[in-house]
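Only one chain is given next, in structure tokens, and it is the form predicted on its own.
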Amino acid sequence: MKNLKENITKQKIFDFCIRDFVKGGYARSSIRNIAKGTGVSTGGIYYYFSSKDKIAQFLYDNATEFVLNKIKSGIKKARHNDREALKSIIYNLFDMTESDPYLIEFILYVKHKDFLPSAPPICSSKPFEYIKNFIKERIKAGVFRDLDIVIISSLIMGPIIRIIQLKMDGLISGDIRIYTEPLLDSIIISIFNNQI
């Protein structure tokens, strides 16, 4: 029972702080504001987190882990179908943007170094390292063209991030998941050895 209550409380803190850090910035957030926004007492916040820095680390770790797990599960479901694996990366990132825009904005656009100086740059975080390893394996297997990893990563992630950015900026009003197939086809043309 204690673990359930702890998980519910931490989830409340996570959900509120993701929005609060994105909307107002880390520096403007306070433990008092977090307590008010979550309905958890200030003492309750300090029970789980000794400081706002610890909350920020909790957000970063959990957000990157969530994105990593979505990407991993999508690639695993593709079962060695490279086109479907790549499609799952695109679709899952677009789906998370639609279903949880604050999470994606926190991952992609919040300047983590401002409050987590030891955090790796987002392009070196676990989800993006996993994608890089996927790319390296596909190059080695001869599926992707033998290009520099930076080039292939940019050809995959650059357009995905740009479409997400257009959505976040309000320049795309509809559901961005509809761009999955056209974007996938364009990426395949640029990186696959044989078009499938």
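Between two forms, the rigid core is defined as the largest C-alpha subset superposing within 1.5 Å. One-based numbering along the sequence shown. None of the values given here were measured: they were computed from a predicted structure.
Omitted here: the form predicted in complex with a further copy of the same chain. The next part is about that form.
Practice task
Only one of 39, 158, 142, 43 comes within 4.5 Å of a further copy of the same chain in the predicted bound form by heavy atoms, so just point that one out.
Solution key: For this set of options, the contacting one is 158.
Problem - All of 28, 114 and 148 within 4.5 Å of a further copy of the same chain in the predicted bound form, heavy atom check - result: Yes, because 28, 114 and 148 each have a heavy atom that approaches a further copy of the same chain to within 4.5 Å in the predicted bound form.
Practice task
Look at the stretches 133-141, 165-173, 56-64, 43-51 and give the one with heavy atoms within 4.5 Å of a further copy of the same chain in the predicted bound form.
Solution key: Within 4.5 Å of the partner lies stretch 165-173.
Practice task
Classify residue 98 as contacting or not contacting a further copy of the same chain in the predicted bound form by the rule of any non-hydrogen atom within 4.5 angstroms, answering yes or no.
Solution key: Close contact is absent here: in the predicted bound form, residue 98 is far from a further copy of the same chain, nothing within 4.5 Å, heavy atoms only.
Exercise for the section: With heavy atoms only and a cut-off of 4.5 Å, decide whether residue 8 touches a further copy of the same chain in the predicted bound form. Expected result: Heavy-atom contact with a further copy of the same chain at 4.5 Å: absent for residue 8.
Problem - Interface membership of residue 179, a further copy of the same chain in the predicted bound form, 4.5 Å heavy atom rule - result: Although a further copy of the same chain is absent here, residue 179 would touch it in the predicted bound form, with heavy atoms inside 4.5 Å.
Practice task
Using a 4.5 Å heavy atom cut-off, state whether residue 18 contacts a further copy of the same chain in the predicted bound form.
Solution key: Heavy-atom contact with a further copy of the same chain at 4.5 Å: absent for residue 18.
Exercise for the section: Can you tell me which bits of 48-65 touch a further copy of the same chain in the predicted bound form, meaning any heavy atom within 4.5 Å? Expected result: Counting only heavy atoms within 4.5 Å of a further copy of the same chain in the predicted bound form, no residue of 48-65 makes contact.
Exercise for the section: Indicate whether residue 140 shows a C-alpha shift of 2 Å or more between this form and the one not shown, with the rigid core used for the fit. Expected result: It does not reach a 2 Å shift.
Problem - Core superposition between this form and the one not shown, C-alpha change of residue 29 at least 2 Å - result: Shift of 2 Å or more: yes.
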